[in-house]
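Here are two versions of the same chain, shown separately as structure tokens and labelled structure 1 and structure 2.
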Structure 1
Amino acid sequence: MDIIKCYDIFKAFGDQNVLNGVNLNIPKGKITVVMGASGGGKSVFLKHLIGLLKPDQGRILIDGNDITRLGRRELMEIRSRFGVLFQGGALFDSMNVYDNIAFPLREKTTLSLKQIADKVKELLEQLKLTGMGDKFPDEISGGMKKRVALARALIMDPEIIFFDEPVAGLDPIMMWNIFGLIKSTHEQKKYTAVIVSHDIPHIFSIAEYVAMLHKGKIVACGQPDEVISSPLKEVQSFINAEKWHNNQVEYEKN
């Protein structure tokens, strides 16, 4: 069962073609990883799925609704089922960490202050952010910002969560911690996760479905082992970048 279906998405900024006909189906209730080169259009693709960018051409169906054609109100309805972790965090810089995480609950639910506080505290603990609630986003480290943004994306227990580089810039311990958190919350809540990441090979440990975006197209997608064993040069050079790089150096030497 595919919850998100993309048909032939094209997007250009000026004369730069970023997406050149992306076709991808994202299975419901699974962790899907989209990988690809830096600057390859992964964040742009993700923003299309959230409806923040409109494709020049193509359709994006979420549960059968074409979000490129929806009115504002319907789009908002669909978005209320989303959680999004932006690559840059996009934390509200005039609110402290606690308020940032509690924000969606306050705005979108009728939970009591106590219930909100409990939920936020639990997440803060899981993300090793205890005691940071009073700090403002410009007073915490880059990795902490990422975790706060992650907490904000998770707090509503949404049906679909988009993670743009959830572990970039974190130390290995924290990285595994985040992977563990995503995995365990996913097992509990069975949400659909769309993760953009280049943390190869670690990301394969949580991926259930993998897609590779290359030059604005999905060149390979499927189960992780299928993609890993794909014969395509683009995929292999990406996954086994170190080997490829060394071979290249050898080749140039000779």
Structure 2
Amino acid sequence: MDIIKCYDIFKAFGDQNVLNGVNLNIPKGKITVVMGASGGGKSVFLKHLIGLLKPDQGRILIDGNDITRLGRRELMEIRSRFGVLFQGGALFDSMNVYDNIAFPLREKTTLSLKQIADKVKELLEQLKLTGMGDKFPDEISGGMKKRVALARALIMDPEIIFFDEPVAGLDPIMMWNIFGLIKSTHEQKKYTAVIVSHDIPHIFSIAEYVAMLHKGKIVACGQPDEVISSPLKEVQSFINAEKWHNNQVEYEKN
């Protein structure tokens, strides 16, 4: 069953065409990865799925609701079912780790202080952040910031979580740790995950469905092994180029 269906999504900013007719169905309860080169429109596409941008043309159905035609109140109701992990984490610098994670519960629920504390504590333990609640974002590492952002995305038990380049800027070891946390929390909570990423081949370790965005269009989609073995020149060029780049970066670090 597909929870998100995109039909002929077009988007331009001035003379720059970013999305040129995106068609993609995203299965419910799976980890779907939208891969593609940096600057290729992945984050713009993600913002359309979240409802932060409206397409110039096309439809986006989430559980049958066309979010491109919803009013503000209806759209907010749909978005209440989402969790989002932005590329930079988007943590509040003036709040400690505990308050960053608790923020959505305080703003959007009527839970008691004890209920909020219990939920935050559970996530802190699950994401290996025990003892970090009093720390502020500028006092923790990049990897920890990603884990805090993941905890905040999970705290409302969303049906769908959107990830914008979740391991950008992390070293290989921390990259694997974050991918492992996404996989383990997905197995436990059964949410639908939509990840935009260019981290090849690492992302294939957790992907259950893969789509490639190239020049504003989906040029290949399917199971990871199907996409990896695609005969399309655009797919193979991207996968091989990213493999070479990542191997080169790791070689230079060593």
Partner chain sequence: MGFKRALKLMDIKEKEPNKNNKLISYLMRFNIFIAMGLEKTGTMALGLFGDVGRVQVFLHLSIIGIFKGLRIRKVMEQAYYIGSKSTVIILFTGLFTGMVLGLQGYYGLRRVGSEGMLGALVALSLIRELGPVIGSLMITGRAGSAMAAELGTMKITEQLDALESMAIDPIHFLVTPRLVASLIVIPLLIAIFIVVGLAGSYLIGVKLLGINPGIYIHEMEKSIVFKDIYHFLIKSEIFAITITLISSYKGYHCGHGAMGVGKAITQSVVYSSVLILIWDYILTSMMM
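Since this is a predicted model, take the numbers as computed values, not measurements. For numbering, take structure 1's sequence and count from 1. Under this definition, the rigid core comprises the largest set of C-alpha atoms superposing within 1.5 Å between the forms.
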Response to the item:
Matching the form predicted together with the partner chain against both blocks gives structure 1
Practice prompt. Looking at the change between structure 1 and structure 2, work out which of 103, 63, 83, 118 is at the hinge joining the two rigid parts.
Written response: 83
Item to complete: Please state how many degrees the smaller rigid part turns against the larger between structure 1 and structure 2.
Response: 14
Worksheet item: What is the C-alpha shift for residue 143 between structure 1 and structure 2, rigid core superposed, to one decimal in Å?
Response: 4.2
Worksheet entry | Rigid core superposed, the C-alpha shift at residue 89 between structure 1 and structure 2 in Å | 2.4
